Each structure stands twice: as C-alpha cells, then as structure tokens.
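In structure tokens, the next block holds one chain alone, the form predicted alone.
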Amino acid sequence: MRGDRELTVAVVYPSLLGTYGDAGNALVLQRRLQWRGLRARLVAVEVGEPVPEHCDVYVLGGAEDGAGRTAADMLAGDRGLRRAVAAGRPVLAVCAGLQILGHEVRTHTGQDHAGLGLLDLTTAPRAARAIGEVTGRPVGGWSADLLSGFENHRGSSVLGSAARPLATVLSGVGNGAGEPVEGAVQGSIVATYLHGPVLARNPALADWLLESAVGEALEPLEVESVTRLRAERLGAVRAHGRVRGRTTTR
C-alpha cells in the first residue's frame, strides 16, 4: 500500500474527550505511520460534526462525568462510529471513552446513563479514585512487552463475556472490579484506563492498532526516546516494589 493510499486517523470530540491530552494518541499513530514512509493525516471530529464512518482508525479520550455524558448522548445520535465499528475499523478508547462505549455508566451521584453498548461492560463508581502508575501483562498475545501507563479515574468497570481484558494488572488498579485486569478488547475496539498518552508509552499497542488499520504486518520500528521512557517508567515502578509477581523490563 506504500505511497498509494493515505490513512486517516480520526480524533472524536477532542474538546470533550481530551482532558488528559489523550488526543495525543492520534498524533502517535500518525507519526508511526509516517516514520515508516506511509502517508497519514489527522481528522478532528468536533462537537456538532458527524463522525465519518470511513476513517482508518478512531481515537476517543478521557473526560469528566459531564463531558463524557454529553459525548455519549451525541454519539448515540450519530451512527458514524457504530458503522465504523461494524465494519471492523480499529478504535482506541481511553477512560471515559471506555466507559461510554459500554452498556451503562453509574456516576458518583448514583445516576445511571446509557452507553453505546459497543463494549460488553458496565461501569460504577469506586469508593476512592485510582491514581498512579499501572503495569500489566498483555492478554491475548498482542505483545510480549509489558503494558505501561498512568491511571486517574473513579470508574470500576466489570467486563461481560463478550469482552476480554487488555492486560493482567501487575501494579496499580486497572478496571478496579474483581480480577486485577486492565482495559477491554472486543472485536476492533481496544479500551484502556491508561492515559499518558498510552500509545506514546506502548509502541506495541500503537502498532497493533495500525496493523489492523493497514491490514498487513508493519516493519519493526525502534524509537530511542520511547525505549528510554519505557525503561524509566517500568524502573520507577519496580523501585517502589509495586509489581505483583515476576516481571521484565520490556
């Protein structure tokens, strides 16, 4: 496909779903394509605009409760993202993005709000906010490297049978419900509570999404600054003795 196709990376409602700079995940995807000599452009889908259904990959970020509810209501009335998911186009959803793609979100005030039902999960509030570094072992063979990121959320998400975890938690909270797992994977959707942006700290996760978008395996890509960042963050977690069981530096 090199040179004869331009891939589009859509950032959905960045002014609503961008509290922690999660829109930067889209920039990571674009850069990793360009570093491989592939053409890529970003499409910011703002509030009030229809979500295009033919982009190659979609990014939804985190938000406060009110902004998340607004985003969920608007997406419920816009079929673009649903059609994209039905067509198997990859989606990365972070924190509030994860929650609103599920069946239902209960806020800390006890109000229930419907999600889009694209992920088999429900979310309720935790007693305490989960804040800090998270390390996890990938589930499903998408990477041999550890998942690394930073969580900041009140949500506790329970996965249904149609969704599987993105990773098993070695340090931190993750989904915060039952088994120590982090995130959710269902069809073409990859969801996580990790900010950071998470793709800047996990190139294997970025390339997993991109290979799904491109439809073929990508050439290996080593970026020294990313390698240093991962080593520093994983080293910091180990230094504080927060990792459950054995782990590696990768």
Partner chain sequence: MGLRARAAVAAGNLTAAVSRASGMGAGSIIGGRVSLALDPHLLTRLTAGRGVVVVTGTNGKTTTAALIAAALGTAGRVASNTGGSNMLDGLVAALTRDRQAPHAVLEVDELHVPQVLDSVDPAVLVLLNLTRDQLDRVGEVAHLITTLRTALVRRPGCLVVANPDDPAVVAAVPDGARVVWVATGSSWEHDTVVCPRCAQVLTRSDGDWWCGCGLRRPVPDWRFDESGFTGPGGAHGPLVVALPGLFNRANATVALAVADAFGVSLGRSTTAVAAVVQVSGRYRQVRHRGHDVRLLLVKNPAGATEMLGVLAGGTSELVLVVNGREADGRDLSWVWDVPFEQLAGRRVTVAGERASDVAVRLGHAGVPHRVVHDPWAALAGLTEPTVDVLANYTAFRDLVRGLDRAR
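Predicted model only: the values in this text are computed from it and were never measured. Residue numbers count along the first chain shown, from 1.
One more form of this protein should be noted, the form predicted in complex with the partner chain, which is absent from this view; the next part is about it.
Enquirer: Taking the partner chain as it sits in the predicted bound form, is residue 83 near enough to touch it, meaning that at least one heavy atom pair lies within 4.5 angstroms?
Expert: Close contact is absent here: in the predicted bound form, residue 83 is far from the partner chain, nothing within 4.5 Å, heavy atoms only.
Enquirer: Do residue 186 and the partner chain share at least one heavy atom pair within 4.5 Å in the predicted bound form?
Expert: So residue 186 does not count as contacting the partner chain.
Enquirer: Does residue 65 reach the partner chain in the predicted bound form, with heavy atoms at most 4.5 Å apart?
Expert: Yes, residue 65 is a contact residue.
Enquirer: I'd like to check something about residue 79: if you look in the predicted bound form, is any of its heavy atoms closer than or equal to 4.5 Å to a heavy atom of the partner chain?
Expert: Close contact is absent here: in the predicted bound form, residue 79 is far from the partner chain, nothing within 4.5 Å, heavy atoms only.
Enquirer: Name the single residue among 124, 163, 74, 116 that comes within 4.5 Å of the partner chain in the predicted bound form, judging by heavy atoms.
Expert: Of the candidates 124, 163, 74, 116, 74 is the one lying within 4.5 Å of the partner chain in the predicted bound form.
Enquirer: The partner chain isn't shown here, but in the predicted bound form, which of 116-124, 171-179, 83-91, 145-153 has heavy atoms within 4.5 Å of it?
Expert: Result of the contact check: 145-153.
Enquirer: Could you run down 5-43 and flag each residue that has a heavy atom within 4.5 Å of the partner chain in the predicted bound form?
Expert: Contacting residues: 15, 16, 18, 19, 20, 21, 24, 27, 28, 31, 35.
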